[in-house]
Each structure stands twice: as structure tokens, then as C-alpha cells.
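Okay, so here's just one chain, in C-alpha cells, the form predicted alone.
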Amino acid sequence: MIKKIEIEYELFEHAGLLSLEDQAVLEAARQATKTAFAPYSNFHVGSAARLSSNEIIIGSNQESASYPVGICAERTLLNSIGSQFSTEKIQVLAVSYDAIGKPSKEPLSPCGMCRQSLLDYENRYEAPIRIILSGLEGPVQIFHSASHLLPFGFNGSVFKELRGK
């Protein structure tokens, strides 16, 4: 048996075509690239989220000399929201990057760990997260759920089965 997965997303030629609310979140993510600590890769990633309270929170990647210790911008943001705004749902989340000395003109997709973390947050709050992906300029992609970025993500249902619930 062969099955097929199709993923829909919106593609905009540039950020100026987005709603003002989405432009604000994307601009916050673009500005958050300036707070990244990336002396080893020179790849500065910024993320921003608009919460259900309409507050915009930012995160950025933080590298370590001990490579696996660093953390991506998306997980920095999600951990901050989860600990400081634990009752808030994320309405929209944007990711951008500045590859120092190189163009930043294409959307950047989150890594696998970040995709799973985004899906975990959606499952935790039982609400999809709109995800905006873009460089500092150029085209913009919008996905309407983290599950569109990770269709076979782990949702923890096996734990419920093991506990008999």
C-alpha cells in the first residue's frame, strides 16, 4: 500500500504582502537575530511569537564551545514561553536568520528537534501554531501547523497506552 502526504503552505514574494500583525512578528524575529550568540557558526537565528495576550516574545540561538550544549532560537523561545507564560497559547511564531557575510534571502526551516518541540507545544495547548519562515528579506512561507513541518512527529500517545489510559 502506498500512501501520500500533501502539505499546504502559503508563499509570499516578500514580507510587505503579509498582514500588519504577521509583519510585526516577522520583524521581531529578524531583530532577534541580533541577540544571537553564534561565534562559531556566524549563523544568527531569531524567533518571535505572538501570544494569546498579543504580547510578542523573542528568542535567539545560543551556541556553546561544547557544541551539543547550544540551543536553537525556536527552543529558546518555546522554553521561555513555557516557563514565563505557561497559560498563554502561541498564535503565530516566526523564524528568520542572518548568515553573517552571506545572503539571507530564503526561508529557513526549523531543525528536527525544533519541529518536534513546536509539535509538543501544539499538543500541550491543543492549538495549532501558525509558523512564518523567512530570511532577512525575500520570500516568506506560512505553515498553519507544526504538524505540517513534521507530519510523523511523536505525540506521546504511546505513554497513555502504556499507562492504560
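Remember, predicted model here, so these are calculated numbers, not experimental data. Residue indices: 1-based, along the sequence shown.
Omitted here: the form predicted together with a small molecule. The next part is about that form.
Proximity to the small molecule in the predicted complex, taken as a non-hydrogen atom within 4.5 angstroms, holds for one residue of Gln116, Ser41, Asn123, Thr35, which is Ser41. With the partner omitted from this view, the residue of Ala127, Cys111, Val69, Ile100 that lies near the small molecule in the predicted complex is Cys111 [heavy atom within 4.5 Å]. None of the heavy atoms of Glu137 is located within 4.5 Å of the small molecule in the predicted complex. A residue is said to contact a partner when one of its heavy atoms sits within 4.5 Å of a partner heavy atom; Ala73 meets this definition for the small molecule in the predicted complex. Interface residue remark: Glu63 is counted as part of the site for the small molecule in the predicted complex, having a heavy atom within 4.5 Å. None of the heavy atoms of Ala48 is located within 4.5 Å of the small molecule in the predicted complex.
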